[in-house]
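Have a look below at one chain only, the form predicted alone, in structure tokens format.
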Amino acid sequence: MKTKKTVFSTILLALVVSICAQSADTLKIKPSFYEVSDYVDENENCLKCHGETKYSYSDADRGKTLTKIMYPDLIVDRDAYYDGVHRSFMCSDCHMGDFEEFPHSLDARMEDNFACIDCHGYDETYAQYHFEVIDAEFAESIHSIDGFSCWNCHDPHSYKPNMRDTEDIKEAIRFNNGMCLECHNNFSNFMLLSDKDEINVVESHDWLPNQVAHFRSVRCIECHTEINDSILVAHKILPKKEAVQQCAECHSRNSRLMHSLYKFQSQKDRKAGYVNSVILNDTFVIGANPSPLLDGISVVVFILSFLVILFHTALRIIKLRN
């Protein structure tokens, strides 16, 4: 028979577990999928397989069910999808209706994927992003080869405008370089698009001084694209022999980084009227760059100084009258 102490301990443990579980639910800050999409139920017809690491199918005639591992590239992360820019769409908006049949037909599997411009091009809603210019740049890029499309770099199931909305430039750099390294540092993916020999990214950039710092502080496209001031991110990838290899291109007063990596920050500063910070980048020069903190401290110091002068003047007047 359990003692009263044992029973009490069991009840206490159960209470603690219950409180922790409730706390975990409280900490979930992601909104319900139903709050961001009207087609969650419809999409589950696809995600019940493509949102899982395994799937099953049955043959009624044989009375047999098989369970298979889902190919990793075909798995769609629900959280990432409903946090991305395409979260309000149904899977069937982009994928042909033949996918409703299972197993999927060969025609469905061989479907042509939409390009970004198919939906976003020549539409005033997206005019500020100049998708037509991006499409033209891509057509001149070395990436414009058979089998290569927007999808190879920008996963439509999780895409978010990383650079445009970033608050952490270092994280944005890691994200953007990760897109390049998905192929250029993963030969299995590289072979799907090219018959060239495997490239060692580190060795091919061994001419860079302090290579680690460069990889951490700039995006690959800073040196491997042609700058275009009319679009936010350059898409004309240049051949290796045309890549930037002159230090002065970046380490100079008229740095190309101001027209690429820091373009977004510069444009925001221009809109705010802070032209000096655009010219000087992240360098602080007294009287040239605005600083909300220093501005606030200056106002406080000014008010306190004014009050001290006012108080001192009042004392002088009282003393003279006496």
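Please read these numbers as outputs of a predicted model, since none were measured by experiment. Take the two forms, find the largest set of C-alpha atoms that superpose within 1.5 Å, and that set is the rigid core. We number the residues from 1 along the sequence you see.
Keep in mind that the form predicted together with heme C is not shown, yet the notes after this line are about it.
**Q** Please run the contact check for residue 226 against heme C in the model of the complex: heavy atoms, 4.5 angstroms, yes or no?
**A** Close contact is absent here: in the model of the complex, residue 226 is far from heme C, nothing within 4.5 Å, heavy atoms only.
**Q** Answer with yes or no whether residue 33 is in contact with heme C in the model of the complex, where contact means some heavy atom within 4.5 Å.
**A** Heavy-atom contact with heme C at 4.5 Å: absent for residue 33.
**Q** Whether residue 83 contacts heme C in the model of the complex should be assessed with a 4.5 Å heavy atom distance threshold; does it?
**A** Judged by the heavy-atom cut-off of 4.5 Å, residue 83 is well away from heme C in the model of the complex.
**Q** Contact with heme C in the model of the complex for residue 56, defined as at least one heavy atom pair within 4.5 Å: yes or no?
**A** Residue 56: contacts heme C in the model of the complex.
**Q** Just to make sure I understand: among 209-247, which residues lie within 4.5 Å of heme C in the model of the complex, judging by heavy atoms?
**A** 209, 210, 213, 214, 215, 217, 218, 219, 220, 221, 222, 223, 224, 232, 233, 235, 237, 238, 239, 240, 243, 244, 245, 246, 247 sit within 4.5 Å of the partner.
**Q** On a core-based superposition, does residue 53 travel 2 Å or more at its Cα between this form and the one not shown?
**A** No; that C-alpha moves by less than 2 Å between this form and the one not shown.
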